[in-house]
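Next up is one chain by itself, shown in structure tokens, the form predicted on its own.
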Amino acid sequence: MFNIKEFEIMKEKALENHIPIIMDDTLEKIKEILKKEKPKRILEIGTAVGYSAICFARYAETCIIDTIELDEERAKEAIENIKKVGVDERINVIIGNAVEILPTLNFEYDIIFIDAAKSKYSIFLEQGIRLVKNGGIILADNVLYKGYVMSDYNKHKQRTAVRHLREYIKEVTENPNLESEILEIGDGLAITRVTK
């Protein structure tokens, strides 16, 4: 049983503590995709406190979600939140570095959601293409990164992230096996359908 009260408490706490959670308009779009695609298995790269994984479990009611989190404390908090909301039977939190974990996975996923280290998006994409089913979807959040990616932004602090995100966008839009659209919602959402 989905505990809406615990879910709302969790969202509020994440916002208060400035924990980056998926933006409402991005979530609306993903909810649409989940309703249409009816995924059986989702892979999320970047759990944080479990907010988006819980949302996916809520919108895709029979789906199993594997989610990877590098930060052990965050992962523990996510496990706690997932339990409180009542979706722990469908969400597996994997603690560790996604770059190392992804090559060891061999499930076939319907949808893969990338929301972790921006500098690793291309690595995540490569593994995502391997793990997603033919015709499956890879979603990448924050690809426009506060608008910097599409501007001539060049400040040192975010330069690396911006460069990697530009590479990611180039890759998903130029690879003939990928059909992508970049939406200017939230902080930018890339939706990529994979044909193998």
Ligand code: SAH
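These figures come from a predicted structure and were not determined experimentally. The numbering used is simple: start at 1 and walk along the sequence shown.
A second form of this protein, the form predicted together with this ligand, is not displayed here; the remarks below concern that form.
Undergrad: Given a 4.5 Å cut-off on heavy atoms, tell me which of 164 to 172, 45 to 53, 32 to 40, 132 to 140 is the interface stretch with this ligand in the predicted complex.
TA: Going through the listed ranges, the match is 45 to 53.
Undergrad: Is it the case that Ile111, Pro176 and Val194 all touch this ligand in the predicted complex, with a non-hydrogen atom of each within 4.5 angstroms?
TA: No, the candidate spot makes no contact with this ligand.
Undergrad: Classify Asn92 as contacting or not contacting this ligand in the predicted complex by the rule of any non-hydrogen atom within 4.5 angstroms, answering yes or no.
TA: No.
Undergrad: Is there any non-hydrogen atom of Gly96 lying within 4.5 Å of this ligand in the predicted complex?
TA: Contact check for Gly96: yes, within 4.5 Å of this ligand in the predicted complex.
Undergrad: Taking heavy atoms only, is Ala57 within 4.5 angstroms of this ligand in the predicted complex?
TA: No, Ala57 stays farther than 4.5 Å from this ligand in the predicted complex.
Undergrad: Does this ligand come within 4.5 Å of any heavy atom of Leu70 in the predicted complex?
TA: Yes.
Undergrad: If you check Val87, Ala116, Leu125, Ala78 against this ligand in the predicted complex, which one has a heavy atom within 4.5 Å?
TA: None of the other options qualify; the answer is Ala116.
Undergrad: What residues in 4 to 43 sit within 4.5 Å of this ligand in the predicted complex, counting heavy atoms only?
TA: Stretch hits, in order: Pro20, Ile21, Ile22.
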